[in-house]
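Let's start with one chain on its own, the form predicted alone, as structure tokens.
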Amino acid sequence: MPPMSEGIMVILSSPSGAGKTTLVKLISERKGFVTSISHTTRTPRSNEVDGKDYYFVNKEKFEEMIKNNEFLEYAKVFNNFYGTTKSNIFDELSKGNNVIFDIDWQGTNQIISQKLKNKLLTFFILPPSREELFKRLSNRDMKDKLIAEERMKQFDRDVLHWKDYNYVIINNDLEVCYRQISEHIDCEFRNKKSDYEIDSIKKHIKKLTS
């Protein structure tokens, strides 16, 4: 990628279980992006490390950070807060580093509305089917099927926000999905228009929501 005076921001969002976190890790590793690490009030999963996956804080600390205007964006999701601090992001961008975000549609809309000077590219990741999504959710470190079912209900609300994004990508195969995202990012760096079949995306969303 050609050097830029300041870095760009790339956002990946998805309904819970569609695979955005894995894709963010791939983009960070293979394309040299700095991963934005969010603060959250939720309990760590068994494989998560504080300071690597998230900064885990209590609700009181998070609310104090809100009052101090420390967040670039924050949102409440499944009764837990998630937020991205301004200082770390702006520091990385000023160094010319590209930053990738793993955030939901609420946080994305907050960042878009600020009209920051840095280039911003947004992706919404979708599962190949409702059945596959439920399977992925059920296999995660969750207490019971009720949690997966709760997230399926939230899916029907989250998917409606696909129109707010530059690109919608279907994660049927992880490597294929990664290549599609990577190609769109590379086109952005070259100021080239990338191929994007919006009609097929609309048909897929109709299938997911019918």
Ligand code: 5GP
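Not measured: the values here are computed from a predicted model. Each residue number is its position in the shown sequence, starting from 1.
The form predicted in complex with guanosine-5'-monophosphate (5GP) exists for this protein as well; it is not shown, and the discussion that follows is about that form.
Item to check | Region of this chain that lies against guanosine-5'-monophosphate (5GP) in the predicted complex, out of 79 to 87, 129 to 137, 92 to 100, 115 to 123 [heavy atom, 4.5 Å] | outcome: It is the stretch 79 to 87.
Checklist entry - Does the 4.5 Å heavy atom contact test between Tyr54 and guanosine-5'-monophosphate (5GP) in the predicted complex come out positive? => result Yes, Tyr54 lies within 4.5 Å of guanosine-5'-monophosphate (5GP) in the predicted complex.
Next on the checklist: With the partner left out here, check for me: in the predicted complex, does some heavy atom of Asn171 sit within 4.5 Å of guanosine-5'-monophosphate (5GP)?
Outcome noted: No, no contact at 4.5 Å.
Next on the checklist: Taking any heavy atom pair closer than or equal to 4.5 Å as contact, tell me whether Arg157 reaches guanosine-5'-monophosphate (5GP) in the predicted complex.
Outcome noted: No - in the predicted complex, heavy atoms of Arg157 and guanosine-5'-monophosphate (5GP) never come within 4.5 Å of each other.
Item to check | 4.5 Å heavy atom contact, Lys153 and guanosine-5'-monophosphate (5GP) in the predicted complex | outcome: Contact check for Lys153: no, nothing within 4.5 Å of guanosine-5'-monophosphate (5GP) in the predicted complex.
Checklist entry - What is the one choice in Arg45, Arg30, Lys61, Lys163 with a heavy atom within 4.5 Å of guanosine-5'-monophosphate (5GP) in the predicted complex? => result Going through each option in turn, the one that passes is Arg45.
Checklist entry - Along 8 to 42, which positions have a non-hydrogen atom within 4.5 Å of guanosine-5'-monophosphate (5GP) in the predicted complex? => result The stretch 8 to 42, when checked against guanosine-5'-monophosphate (5GP) in the predicted complex, contributes Ser14, Lys20, Ser38, Arg42 at the 4.5 Å heavy-atom cut-off.
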